[in-house]
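Here we start with a single chain on its own, the form predicted alone, put down as structure tokens.
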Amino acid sequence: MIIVLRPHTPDHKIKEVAELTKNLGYDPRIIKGIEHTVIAAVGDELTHLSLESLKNHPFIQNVLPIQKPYKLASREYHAESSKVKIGQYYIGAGHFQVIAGPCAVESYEQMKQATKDIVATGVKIIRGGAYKPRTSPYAFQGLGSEGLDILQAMKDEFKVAVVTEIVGVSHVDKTAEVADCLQIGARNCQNYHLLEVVAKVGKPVLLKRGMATTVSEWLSAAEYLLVNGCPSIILCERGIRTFETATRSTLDVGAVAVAKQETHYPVIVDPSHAAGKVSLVLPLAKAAIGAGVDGLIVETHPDPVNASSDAAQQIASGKFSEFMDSLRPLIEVCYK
């Protein structure tokens, strides 16, 4: 539930209401606006005492129920759009970012060339998987800790921020030492134990939508991160599994618009995984920008033909400037 305090309520009274909320069995989360302050009372309303009794408090204007399962992520809790900081760079609330890099870190030379080409286009956040969840146990699974060392080298040399995926609990801490943002892939969107562990690290999390999750389930997964201490979240639509086979996944542009309305956190799109083929990445990226996304995460590789994974959908990093040049006019129109 949301407790709306009267305008200009003094701090000591805000703390008093928060303590009353806590005594009723809820976890109070305070957010201050210019005039109003609200307290999100997080907890199971069926097992705790009702907050309706607080309506008679002289400094409480109203007590409102939030029916959605994703309370902290909802715009009812935080009406204004939130921005998330990855390294030194913001995304969301008017800050548009492109995150780019190869699907997997394969070698120092590969990653250096990709990063050099990406940075030359103005992109400041790179992606690259040190650990790779693959459908086949025989496919390339990533370099592991060696891949993390390579990502650290890219940070040191090019002053970029890094996004990389968490596959399992065992490597969370080591990955967090390098990554500026931890990615939860589509396969782990509803791996709630992993979400709880990742949340406690204290780093921003890029949460991809599962291949068969509804928008409500996707945002509820974000709520798992929030209630377990995650400071900030970026939601990523990467396509869902449907009957259509023309693309690798069906990019759900409608879900982008819904998520932007439902949550205050940044929403981005991964056109590479949705497309499955490089010729479709640019059109899908343009569609995402038109839908109002806060950014894109795109796969690019110095030698896509010989990439260890997802070769067909990766843009040649030497041609990445052409991709960015094609997007800039649309970005300028949509985000001016």
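Quick note: we count residues from 1 along the sequence shown, nothing fancier. Just so it is clear, the structure is predicted and the values come from calculations on it, not from any experiment.
The protein also exists as the form predicted together with ligand PEP; that form is not presented, and the subsequent description refers to it.
Contact annotation for D294: none of its heavy atoms lies within 4.5 Å of ligand PEP in the predicted bound form. Although the partner is absent here, G87 lies well away from ligand PEP in the predicted bound form, with no heavy atom inside 4.5 Å. Ligand PEP is not shown here, and in the predicted bound form it never comes within 4.5 Å of any heavy atom of H264. Taking the partner from elsewhere, G92 is found to have every heavy atom lying beyond 4.5 Å of ligand PEP in the predicted bound form. Only one of V256, L182, M154, C103 lies close to ligand PEP in the predicted bound form, with a heavy atom inside 4.5 Å, and it is C103. Note on the interface: of 213-221, 193-201, 113-121, 132-140, the segment with non-hydrogen atoms within 4.5 angstroms of ligand PEP in the predicted bound form is 132-140. Although ligand PEP is not shown here, in the predicted bound form the stretch 151-176 places heavy atoms of just one residue, E165, within 4.5 Å of it.
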